[in-house]
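Below, in structure tokens: the form predicted alone, a single chain.
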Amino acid sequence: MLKNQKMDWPFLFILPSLLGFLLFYICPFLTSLRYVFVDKPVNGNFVGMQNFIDLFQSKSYLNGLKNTLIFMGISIPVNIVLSLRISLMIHKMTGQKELFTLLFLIPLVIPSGSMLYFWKMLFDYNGYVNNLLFRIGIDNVNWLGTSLARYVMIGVFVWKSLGYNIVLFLSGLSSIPKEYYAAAKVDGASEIQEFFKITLVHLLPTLIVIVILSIIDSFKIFKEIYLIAGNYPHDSIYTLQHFMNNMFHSLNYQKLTTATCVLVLAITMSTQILFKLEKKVR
């Protein structure tokens, strides 16, 4: 009896968060699912899978999907490689580890408005970067009005989320027993062999978590794009979040809900594939 009471405590602690998650996320999502199969929100007729067909025939949706995939395909690997490299450097340091970790966490505590104002001042047509280029004889570049805007936003994303990934990698690195490295050195293993045979293998669970969090975070880049480029960004940074935001403003709940369903399904499948891959590799 006493054992059962002790087992209930963890559940009681997470119960408020669980209720909030169910009430504010799961229930609204399930309630909105009916819009997926009707032609209009009020007194709508059942249309089967027509909303999905219309969604994948929408040029703006396909453009947003393409840009989102390109953004994820570049920003997530760059972010992971950079954060892992910096984590390895900090982990090998003999002192001041906390100071360097704290420096990379600063972007997380700076308000988004201030941070994005700084980036906008940098890459505005009359900003600091173009001023520097002009001084060395290079014409001004329209960073935010051309396809270069995509790389500016990738820079913002990497700069903002680098510190969070570094903390996770450092936590994973500290859990690897030092005896493994000592045994590898005795066997004559090189640093590259140590990395692939010991470090990377034991960091795999952390790496999977970071990939999942990075995928989710990459969908949140809409706020940064909106604050820097406004309502009408360049086509290269028009993402799925822009499409869904536009559908919300135009009260097109059918397309909004259909796009959300596709997104949730894609993230769920990606997460499951990553977890199965992790189990298979381990």
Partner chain sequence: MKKKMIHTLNYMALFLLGILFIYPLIVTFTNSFMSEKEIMLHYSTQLSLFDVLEGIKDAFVDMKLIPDQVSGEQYEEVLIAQPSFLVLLTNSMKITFPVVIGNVLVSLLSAYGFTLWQWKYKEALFRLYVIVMLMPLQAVIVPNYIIADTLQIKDSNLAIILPGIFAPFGTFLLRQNMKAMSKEYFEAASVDGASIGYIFLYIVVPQMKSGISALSILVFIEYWNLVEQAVIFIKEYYREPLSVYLSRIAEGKVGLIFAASCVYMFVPIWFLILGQKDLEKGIELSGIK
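Only a predicted model underlies this, so the values are computations on that prediction, with no experimental measurement involved. Residue numbers count along the first chain shown, from 1.
The form predicted together with its partner chain exists for this protein as well; it is not shown, and the discussion that follows is about that form.
Peer 1: With heavy atoms only and a cut-off of 4.5 Å, decide whether Tyr253 touches its partner chain in the model of the complex.
Peer 2: Judged by the heavy-atom cut-off of 4.5 Å, Tyr253 is in contact with its partner chain in the model of the complex.
Peer 1: Would you check, heavy atoms only and a 4.5 Å threshold, whether Asn51 touches its partner chain in the model of the complex?
Peer 2: No, no contact at 4.5 Å.
Peer 1: Although its partner chain is absent from this view, report whether Trp143 comes within 4.5 Å of it in the model of the complex, heavy atoms only.
Peer 2: No, no contact at 4.5 Å.
Peer 1: Give a yes or no for Met89: in the model of the complex, does one of its heavy atoms lie within 4.5 Å of a heavy atom belonging to its partner chain?
Peer 2: Within the cut-off, so yes.
Peer 1: Please identify, from 144-152, 176-184, 192-200, 121-129, the stretch that has a heavy atom within 4.5 Å of its partner chain in the model of the complex.
Peer 2: Looking at the partner contacts, the answer comes out as 121-129.
Peer 1: Judged by heavy atoms and a 4.5 Å cut-off, are Tyr117, Leu168 and Thr271 together in contact with its partner chain in the model of the complex?
Peer 2: Answer is yes for this spot.
Peer 1: Between 93-110 and its partner chain in the model of the complex, list the residues on our side with a heavy atom within 4.5 Å.
Peer 2: In sequence order, Met93, Thr94, Gly95, Gln96, Glu98, Phe100, Thr101, Leu102, Leu103, Phe104, Leu105, Ile106, Pro107, Leu108, Val109, Ile110 come within 4.5 Å of the partner.
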